[in-house]
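What follows is a single chain, given as structure tokens, in the form predicted alone.
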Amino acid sequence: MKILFPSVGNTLDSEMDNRFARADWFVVVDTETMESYALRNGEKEGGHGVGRVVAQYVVDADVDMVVAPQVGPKALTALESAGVKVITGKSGKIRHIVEELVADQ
């Protein structure tokens, strides 16, 4: 499963960013291989409605799930409409959250 996290940095050991659409980076983790890569959020300075634009960017990255402290309502609707599962209310180091999610499977 590929999971995307909004992040303040570009590694698995980065902290999640509290802002989904305004995050500097998105870190994508494949939970089967634990390989990760980062995508720079080129839309973080976007104007009103940037959440939907970023949601489409995430959908295009072909991820299965987004984990974030919070996701705005328009981005949430766009992600869920595209079949991307969204988990909110998580924060902390991405590696630790991945380990929790894998342990719960």
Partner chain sequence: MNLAIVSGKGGTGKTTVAVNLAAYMSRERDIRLLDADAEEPNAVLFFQADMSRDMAVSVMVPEILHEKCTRCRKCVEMCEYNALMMTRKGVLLSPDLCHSCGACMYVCPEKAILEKFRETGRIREYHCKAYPRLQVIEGDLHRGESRVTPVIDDVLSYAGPCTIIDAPPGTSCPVVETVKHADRVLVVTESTPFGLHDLKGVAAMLRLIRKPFQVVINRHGQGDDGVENWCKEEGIPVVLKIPFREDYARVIAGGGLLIEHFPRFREDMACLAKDLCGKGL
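A quick note: this is a predicted structure, and the numbers were derived from the prediction, not measured. Positions refer to the first chain, counted from 1.
Beyond the structure shown, there is the form predicted together with its partner chain, which is absent from this document and is the topic of what follows.
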| property | result |
| --- | --- |
| Partner proximity in the model of the complex: Asp64 to its partner chain, non-hydrogen atom cutoff 4.5 Å | yes |
| Residue contact check: Ala55 to its partner chain in the model of the complex, 4.5 Å heavy atom | yes |
| Close approach of Ile87 to its partner chain in the model of the complex, 4.5 Å, heavy atom | no |
| Contact flag, Val28 vs its partner chain in the model of the complex, heavy atom cut 4.5 Å | no |
| Non-hydrogen atom within 4.5 angstroms of its partner chain in the model of the complex for each of Gly49, Asp60 and Lys74 | yes |
| Residues of 63-102 having any heavy atom within 4.5 Å of its partner chain in the model of the complex, listed in sequence order | Val63, Asp64, Lys74, Ala78, Ser81, Ala82, Gly83 |
